[in-house]
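Quick setup: one chain, the form predicted alone, written in structure tokens, and binding and motion questions come after.
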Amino acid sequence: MIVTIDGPAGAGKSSAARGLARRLGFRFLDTGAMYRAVTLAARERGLDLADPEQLAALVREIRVELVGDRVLLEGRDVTDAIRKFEIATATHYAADNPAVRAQLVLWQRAAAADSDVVTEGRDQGTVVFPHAECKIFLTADENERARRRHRDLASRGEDIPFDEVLANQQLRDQRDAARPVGALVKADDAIEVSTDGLTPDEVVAELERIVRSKR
């Protein structure tokens, strides 16, 4: 069974998907981590992120793996490195690149082959797994999403002003919606769930209820 969880930045997709996968005994597929890993690899190699050909060539050369809760780039654990603000704010170059997206779709489908999977991202229910048995669209108020991101960054030791976090999120929302390939769109058959006012455990419980009703 494939469960897709799409939604805007800061809606709580990663933590909810990870918790849901754990409860169901499914594999968790963090697709956003893949794009961040590509961005990190480009930074480390000194590539021009704005050059689509350089990114297209890069993604054909590198190896990104998701092993449990860890993200490996060429076998090296980069789980913490890809969560830094500077990487997150530059990931749109990889996400907007059609060649990068095409390669990552192949990686994501291969990772889900012959497995029960909970996968989260922006285009999982519309592009990557259009025939998924259960599709969820997770949302939250933009200020609440920014507050969550601000707290997450602070917990990692990154002191980024809230206004900067909010402005960056709004820009990401605009890019996600306008992206020519893999844009953030709610699938017609997706169930929308707002996380406003819910604890993480309550969100996971609601998602579990939805998934079990589809089995």
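A residue's number is simply how far along the shown sequence it sits, counting from 1. Computed from a predicted structure; not experimentally measured.
FYI, the form predicted in complex with 2'-deoxycytidine-5'-monophosphate isn't displayed, but the following is about it.
Residue heavy atoms within 4.5 Å of 2'-deoxycytidine-5'-monophosphate in the predicted complex occur in exactly one stretch of 130 to 138, 110 to 118, 71 to 79, 89 to 97, and that stretch is 89 to 97. A single residue from the set R43, R179, K186, R147 has any heavy atom within 4.5 angstroms of 2'-deoxycytidine-5'-monophosphate in the predicted complex; that residue is R179. Among heavy atoms of T31, some come within 4.5 Å of 2'-deoxycytidine-5'-monophosphate in the predicted complex. In the predicted complex, R83 approaches 2'-deoxycytidine-5'-monophosphate with a heavy atom inside 4.5 Å.
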